[in-house]
Structure formats: C-alpha cells, structure tokens
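Next up is one chain by itself, shown in structure tokens, the form predicted on its own.
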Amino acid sequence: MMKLGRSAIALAAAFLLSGALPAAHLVLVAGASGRSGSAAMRLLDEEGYTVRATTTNRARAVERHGAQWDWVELDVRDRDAVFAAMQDVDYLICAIGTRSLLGGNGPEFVDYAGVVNLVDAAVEAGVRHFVLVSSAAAGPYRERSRMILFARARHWKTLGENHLKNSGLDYTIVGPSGLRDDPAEGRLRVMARADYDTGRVAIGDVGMLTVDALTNPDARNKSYAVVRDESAAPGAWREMLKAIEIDSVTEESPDHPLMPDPE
C-alpha cells in the first residue's frame, strides 16, 4: 500500500469532508489554469462533465478563471498528492508544462516526472482515458533543436510520453504547433508527427481536440500533430485523424529508440 505524505493526507481529507459522492464522468484537468487546460475545462463544463481543476496557485486561478470550478492546488512533482487527487477520476487531461528550462521546476521534473506521477496515479485509479497535451515537435524520432535548452525540453516531454505509452492506459497524445490565443476555428490539419514541419493553432482548437479525444475511438492510442489550415473544411480533421495509424505500428511506438539527451 502507498504511504501518503502530509499534503496527500490533507488533500484526501478535504475530499471526504466535502461530503460529495463520486461524480459520474469526472475529468481531472491537470494544469487547468494554463491556456490549453482552461480551454478544455470550459468545454468540458459545457458538455456536462464534472471537472476537477488542478493548479499550482488556487487563489490566482480563482481570480483569473472564477470560483465555480473545483480547484485543487496541486504540485505534480508531489507524487503522494497526485495519487490523492486522482480519487474517483474517470478521465484525465494533462495540460501541464513548465515555463522554466532549468532548475527544480524544469522539464525533467514537470514535463517528465510530473507526467510519470499522473500516469501512475491514473493506472491505480482505473482512469478510462488519459489525454496528454504535448508538442508537435516532440516524439522519439524528432530531430533535436539546435538550441540545447529546447532540445532538452523536448527530450523530457518525449520520455514522459513514452511512460504513458507503456502504462497500459488508453491514451491520446495531442501535439499542438505554435499556440495562438484564439477561440476554436475548426479548420485544422492533423497529421502524424513525423510529417509535421511548422505552423500555428488556436488554443480553443487544442481544447476541443483534447475533450473530443476522451471518447473518440479514432483517437485511441495515437500521437498526432495539429496545425491551423484555412483551406480545410470545418470538421475535416476527423477523417484525417481516422487515417492516422496507432502508435504500435508507427515510429511513435514506445519501443522505438529515443535519441540521446543532447550534451
């Protein structure tokens, strides 16, 4: 049995004292106060899901996004607290991402170790589907950036992805291109990440894709990139997604060798 630390015990006690019964279709959104997470959170609410929104700073999240959400202050680097926060969760959207490239809040500890903690807790909780918002430029086969710090960030993101792929969970990995602070437009091109070059995409569309992936069988066990494409008909991305192969038969397979971390 897992030994819980003080923060995890306090978090679990808060759930119990609330008197709330387990909610049907409860989605935990990790990183809900960020751009992609908040876009997904609002769409989940519109579609009738119950949302548990995690953030590193509850007061700031309430100020920016409102107090109507079930905000849980959570540091994904705290493994015990992550396991406690996973209580009764049906689905998980992980939209965490560090803005620091170095130090204890860098990619190794957030984009990798934080994802590992969320994946392991989701396995124990029996989560139905795990959606990870990653990067179009990550993946085991991607060429490394000439900028060493960005190369390291993509390396740790890829290691986090591989842990998810090997977990036994049903999953989807959404790889956005450059993010724009725009609402959903629906004119998208989704593709295998091996085919990605460059592009931009609206945050609203990323939120839409993550929520769709929770229950879309055509998104199961796939990793893909997404860019805005004005020439695409609204909704055409669904047929594109259907045509993408699952990771087990592509270069996205977790058994594909990962390029070494740049020195």
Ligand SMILES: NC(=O)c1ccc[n+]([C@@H]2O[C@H](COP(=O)([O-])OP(=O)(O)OC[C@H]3O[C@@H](n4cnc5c(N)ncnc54)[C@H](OP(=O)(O)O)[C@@H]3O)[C@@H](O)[C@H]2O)c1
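Only a predicted model underlies this, so the values are computations on that prediction, with no experimental measurement involved. A residue's number is simply how far along the shown sequence it sits, counting from 1.
Missing here is the form predicted in complex with this ligand; even so, the following discussion is about that form.
Trainee: Does this ligand come within 4.5 Å of a heavy atom in each of Val119, Gly160 and Ser167 in the predicted bound form?
Mentor: Spot residues vs this ligand: no contact at all.
Trainee: Which single stretch, out of 234-242, 41-49, 54-62, 207-215, brings residue heavy atoms within 4.5 Å of this ligand in the predicted bound form?
Mentor: Heavy atoms within 4.5 Å of this ligand in the predicted bound form occur in 54-62.
Trainee: Since exactly one of Val131, Met191, Ala81, Val110 fits, which has a heavy atom within 4.5 Å of this ligand in the predicted bound form?
Mentor: That would be Val110.
Trainee: In the predicted bound form, does Arg35 have a heavy atom within 4.5 Å of this ligand?
Mentor: The answer is yes: Arg35 has a heavy atom within 4.5 Å of this ligand.
Trainee: Given that the partner is absent here, does Leu74 sit within 4.5 Å of this ligand in the predicted bound form, heavy atoms only?
Mentor: Heavy-atom contact with this ligand at 4.5 Å: present for Leu74.
Trainee: Can Gln87 be called a contact residue for this ligand in the predicted bound form at 4.5 Å between heavy atoms?
Mentor: Outside the cut-off, so no.
Trainee: According to a 4.5 angstroms non-hydrogen atom cut-off, is Leu179 in contact with this ligand in the predicted bound form?
Mentor: The answer is yes: Leu179 has a heavy atom within 4.5 Å of this ligand.
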